[in-house]
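Take a look at this one chain, the form predicted on its own, written out in structure tokens.
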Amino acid sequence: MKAAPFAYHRPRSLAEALDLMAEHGEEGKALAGGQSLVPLMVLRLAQPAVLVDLADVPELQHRDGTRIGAMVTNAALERDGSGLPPVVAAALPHIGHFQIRNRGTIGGSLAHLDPAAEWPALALLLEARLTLRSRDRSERTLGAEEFMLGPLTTALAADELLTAVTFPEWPSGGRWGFAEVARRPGDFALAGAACTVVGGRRRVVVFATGALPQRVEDPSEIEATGDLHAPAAYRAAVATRLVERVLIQAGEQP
């Protein structure tokens, strides 16, 4: 099967990209790494009339400490994760295969918002701030919980682009854990968990279990759904064990 016909634009600046998004509205779709969108287009599960390829937008490719441009690739962060919370470095090798990480971007993953993806879980865990811009309205910044509305659904308006993701500074003495289970290395997780312990404050997030990554206080709170890859009971049981594992990694009692 081939993708449905579409118009293609490759802007050379953020201003040009925002103009295109404003012009085409609901018919337009931003193309970041393309590792999620392109397969959906080939299957005709997504049929945008216009693609706005962000690969040549320099403003989206910069990194300033813990502020990461939306078009920074997973592979670039894997090579140099200095200054980022160490749980990010632990999660990056689990994001697909190297070829996928070489093309896939942090912004693309968050904007696509697959429930089994690592970046949405990390953003929720670390209380990341997401910067959104449009041509005709002021820039706005949302917390991860505000940004994530449902599976494959975000707070991005049709004319907006996610431009940057900012993580908090990682404090000295902070502890963390990360683990996931997948059928094969590089596959989407069947269940995953991550935690941080900072200043006596413990945060635990599970992902790939339901519609969105979930922050949980107790493993009994995990909400799980089943699909052709794994039944709900399996996902809940595995996620419960993974929560115990990541807490032990962080030096906490499960």
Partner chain sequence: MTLADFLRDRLRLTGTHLGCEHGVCGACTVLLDGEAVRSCLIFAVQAAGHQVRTVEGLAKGGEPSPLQRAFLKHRALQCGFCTPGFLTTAQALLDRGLPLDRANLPELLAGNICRCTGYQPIVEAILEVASTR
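Everything numeric here is computed off the predicted structure, so don't read it as measured data. Numbering follows the first chain given and starts at 1.
Keep in mind the form predicted in complex with the partner chain is missing from the figure; the text below concerns it.
Only one listed stretch (82-90, 96-104, 154-162, 167-175) carries heavy atoms within 4.5 Å of the partner chain in the model of the complex, and that stretch is 96-104.
The shortest heavy atom separation between residue 214 and the partner chain in the model of the complex exceeds 4.5 Å. Using a 4.5 angstroms threshold between heavy atoms, residue 199 stays clear of the partner chain in the model of the complex.
The partner chain is not drawn, but in the model of the complex it has no heavy atom within 4.5 Å of residue 58. Contact check for residue 26: every heavy atom lies farther than 4.5 Å from the partner chain in the model of the complex.
For the marked spot (112, 182 and 251), a heavy atom within 4.5 Å of the partner chain in the model of the complex is absent from each of the three residues. Residues of 1-28 lying near the partner chain in the model of the complex, listed in sequence order, are 1, 2, 3, 6, 8, 10, the criterion being any heavy atom within 4.5 Å.
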